[in-house]
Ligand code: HEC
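So this first bit is one chain, no partners, the form predicted on its own, shown in C-alpha cells.
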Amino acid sequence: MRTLPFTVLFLASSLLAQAKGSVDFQKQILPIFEARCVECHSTAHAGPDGKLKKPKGGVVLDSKEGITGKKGLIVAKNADTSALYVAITLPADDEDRMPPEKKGDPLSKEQAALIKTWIDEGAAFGSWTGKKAEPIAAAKPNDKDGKVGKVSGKPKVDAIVRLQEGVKPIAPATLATFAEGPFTVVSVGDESALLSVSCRGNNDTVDDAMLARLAPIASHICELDLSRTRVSDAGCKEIGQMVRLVNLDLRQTAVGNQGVAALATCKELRSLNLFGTKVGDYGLAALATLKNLEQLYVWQTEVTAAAIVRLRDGIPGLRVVMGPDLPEPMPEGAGGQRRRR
C-alpha cells in the first residue's frame, strides 16, 4: 500500500481532531509554528556569531511561557480577539499579516482554522512547555558593537525602568472602562504601572475626539500606537499631555506640522514614527527640544534633507529614517480585521 503524503495525513488528522472537538497542540499546532513562525519568533538565544538573536516584536512561539506571557497574543476561548489569530488571517497584502509577504504565502485556510479551533477550545498545551531562554551574560562596557550578551541595545528600555519608579498603578475600575474598546490597554510589564495603548482592529473608529478617553490614564502611557487612525493635529494636543510617553506611532495619519509641534512637551519621547503623515520642515524643527529622541521615521513625508541635518545637529546620535526601514508595529492588542494598506 502506498504511503500518503505528509500533508494529506496532516490535514486528515487535523480534520478528524476538529470533528472530535479536540485539537492536540503538540501534534497539530506546534508543527505549523515550527514550519512557518519560529524562524523569526524563537526564544532569545546567542547565534553562531555570538550576538543575541531576539524574537521579532517580542513574540515567542517556541515555548509555552512565551506564548502565554505576551498579553493578548492568545486569548483562550476567543480566537477572534487573539492577536495571533488576527495576524494570520489578515489579507495577504496587509503589512501586518503573519507570516509577512517576504516570508512566503499566508497560512492555508485549513491551518488558520485549526489554530482558531485550538484557541476557541481553550488553547491547551498538554504536557508541552517548549524551550527555555538561554542564560546570556550582560555586555561589558567595552564590548564593541554590542556583541556577546548585549540583551537590549535599546536605551528606551532603561528609560521605561526609570519612568515607572514611584508610579502607582491605575485603579482597576478605571482600566475596566477600556474593556470594550476601541483601545487595548495593557501593562508594559508584569510589575509595571506604565501602560501600552493600541487600537489595531479599530483604527477607523479612532479620531481626535476619541483620544479624550485616554485622559484618565495619560500620565501612565509610555507606548501609544495610533497608526492608520483618523487622528489629526487636534488630537496631538491630548498626546502632548502624556509626560511619560516613550514610543509613539502616528504612521499614515493626517497629522501635520501643528500636530507634531504639540508633541514638543513629550520630553521622554525616544521613538516617533511619522511615516506617511503631512509633516514638513516646520514640524521637524519643533522636535529640536526633544533631546532624548533616538529614532525618527519620516519616509513619504514633505521633510527635506536640509531639515534633517539641522535636527541631527541639535540632537546628537538621532537616527532619522527616510526610506522603507520601518519599525515593527507594537504587537500588543487585538481586534477585528485591520484595513488594507
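Only a predicted model underlies this, so the values are computations on that prediction, with no experimental measurement involved. C-alpha atoms forming the largest set that superposes within 1.5 Å between two forms make up the rigid core. A residue's number is simply how far along the shown sequence it sits, counting from 1.
Not pictured, yet referred to below: the form predicted in complex with heme C (HEC).
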Does heme C (HEC) come within 4.5 Å of any heavy atom of L84 in the model of the complex? yes
Looking at the partner-bound form in the model of the complex, is I29 within 4.5 Å of heme C (HEC) by any heavy atom? no
Hey, in the model of the complex, does A113 get a heavy atom within 4.5 angstroms of heme C (HEC)? no
Is it the case that G126, even though its partner is missing from this view, gets within 4.5 Å of heme C (HEC) in the model of the complex, heavy atoms only? no
I have C222, G259 and K267 flagged as a candidate spot, so tell me whether each of them has a non-hydrogen atom within 4.5 Å of heme C (HEC) in the model of the complex. no
Which of 201-209, 95-103, 234-242, 167-175 has heavy atoms within 4.5 Å of heme C (HEC) in the model of the complex? 95-103
Single option in C37, V298, L293, L284 placed near heme C (HEC) in the model of the complex, where near means a heavy atom within 4.5 Å: C37
May I ask you to choose, among V303, L61, L272, L311, the residue with a heavy atom within 4.5 Å of heme C (HEC) in the model of the complex? L61
Contact set, 53-81 vs heme C (HEC) in the model of the complex - heavy atom within 4.5 angstroms: K56, G57, V59, L61, L73
If I superpose the two forms on their rigid core, does the C-alpha of E101 end up displaced by 2 Å or more between the shown form and the other one? yes
After the core is overlaid between the shown form and the other one, has the C-alpha of D313 moved by 2 angstroms or more? no
For F183, does the CA position differ by 2 Å or more between the shown form and the other one when the superposition is done on the rigid core? no
Inter-Cα distance between E165 and V60 in the model of the complex, nearer or further [3 Å or more]: closer
